[in-house]
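Next up: a single chain in C-alpha cells, the form predicted alone.
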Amino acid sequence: MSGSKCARLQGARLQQLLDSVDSILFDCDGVIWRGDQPIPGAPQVINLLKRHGKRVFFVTNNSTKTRRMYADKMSTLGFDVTEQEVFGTAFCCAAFLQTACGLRGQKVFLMGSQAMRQELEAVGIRQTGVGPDHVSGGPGDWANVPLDPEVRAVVVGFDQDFSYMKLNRALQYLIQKDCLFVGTNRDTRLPLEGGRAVPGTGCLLQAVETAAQRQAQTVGKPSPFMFDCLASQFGVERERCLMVGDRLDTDILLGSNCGLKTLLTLTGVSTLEDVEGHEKSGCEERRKMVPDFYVESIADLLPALQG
C-alpha cells in the first residue's frame, strides 16, 4: 500500500494514534472474535485500552442478540465489558423507533428475532409478527390478509422465519402511506469460516423494498444513527474517536460518514486489494471506504499498550 492513504499502523504512528483518541468503537465478528472464539490477543487489547483510560464501545449490525446477550458472550470470552457499552442494531432500532419516530406505546409489524422483540418491549414498543407466518388460501386471500389496525411501522431485521406470507403482510401494511418503514441494516451476506457465507438482512430488506416500492430508513452501519446514539449518551467527541472494523462498506464507511479516524483489521472480510480498488476507482463514494490505517490484527496494538 505504498503511497496510499491507508498506512500500516505500527511503531511511533501507533502510539500517536492512541494518544489522539479518547474513545474507540469496535465491530465484533471478524475484529474481536470469529464465531465463538476470540481473535488471539483481542481480550488483552480491549482490557488494556480501558486500563489506559480509553472508552471502548462495540457496534454490530447483528440484530439477533440483545445488549445483555452480547455482554454475556464477551465476558465469557475474557473481555471486560458492560451491557451499556454494546450498541447492536436490535437496541439501536428500538431507540430509533422510540426517539426519531415517536412510537413509544405504539405497535409495529416486526420481521425479526426474539432479541429484537425484547429490545422493542424494553422501550415500550409492542410488536406483532415474530415467528412463522404460514401461507394459507390463494392470491385473492393474500391481498386481503387480516392486518392489525394498531400497527404504525414495518420493521425488518434478520428473520430466520422470513417467508412469502411475511413479505406479503409487510406489503399490505406498507401500501398504507402513513406506515413507517425501518430496517436494521443492509448487509447482504453473513461471512462464515472457510470463505462460506449465508444471506444477510439486506437480502430480506431488499425483498420488502421491492414489493412495497418504498425505501426503508436504516439504523445500522454505515448509517450515522448508530454513532449518534452512543455519542449522545456518552458525550463522545468525533474528532477524538477511532472506528475499528473489518468491513469497508459498513465499519470504515460509518467512520468516514461520521468524521472519525478509521482502522481496518485484516482478520475479517475486507482485504488490502479491496482498499486499493476503492482508492484507485476515482469514485468519491468508494474512496470514503478507504481507511486511514490498517493492521493485520488488533493484537498489533498490544506493544503500545504493554510498554
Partner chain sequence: MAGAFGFKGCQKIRGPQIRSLLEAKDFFLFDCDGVIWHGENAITGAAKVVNALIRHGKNVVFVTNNSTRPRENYVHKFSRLGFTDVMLEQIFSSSYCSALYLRDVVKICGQVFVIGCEGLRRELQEAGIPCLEETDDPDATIYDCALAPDVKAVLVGHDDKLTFLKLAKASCYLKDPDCLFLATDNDPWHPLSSGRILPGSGSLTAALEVASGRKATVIGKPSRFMFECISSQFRGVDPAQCLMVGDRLETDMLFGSNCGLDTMLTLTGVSQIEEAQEYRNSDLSTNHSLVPDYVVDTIADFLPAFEELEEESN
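Residue numbers count along the first chain shown, from 1. On a predicted model such as this, the values are computed, not experimentally measured, just so you know.
One more form of this protein, predicted together with the partner chain, exists but is not displayed; see below.
Using the partner position in the predicted bound form, report whether Arg189 sits within 4.5 Å of the partner chain, counting heavy atoms only. Yes - in the predicted bound form, heavy atoms of Arg189 and the partner chain come within 4.5 Å of each other.
Report yes if any heavy atom of Tyr164 sits within 4.5 Å of a heavy atom of the partner chain in the predicted bound form; otherwise report no. Close contact exists here: in the predicted bound form, Tyr164 approaches the partner chain to within 4.5 Å, heavy atoms only.
Contact test in the predicted bound form: Leu204 vs the partner chain, heavy atoms, 4.5 Å: Contact with the partner chain, yes.
Mark Lys177 yes when one of its heavy atoms lies within 4.5 Å of a heavy atom of the partner chain in the predicted bound form, and no otherwise. Judged by the heavy-atom cut-off of 4.5 Å, Lys177 is well away from the partner chain in the predicted bound form.
Heavy atom within 4.5 Å of the partner chain in the predicted bound form - residue from Gly102, Pro199, Gly131, Gly78: When the partner chain is considered in the predicted bound form, the option within 4.5 Å is Pro199.
Just one of 92 to 100, 219 to 227, 112 to 120, 151 to 159 has heavy atoms within 4.5 Å of the partner chain in the predicted bound form; which? Of the stretches listed, the one contacting the partner is 151 to 159.
Within 4.5 Å of the partner chain in the predicted bound form, all of Pro139, Asn168 and Ala211 (non-hydrogen atom): Yes, because Pro139, Asn168 and Ala211 each have a heavy atom that approaches the partner chain to within 4.5 Å in the predicted bound form.
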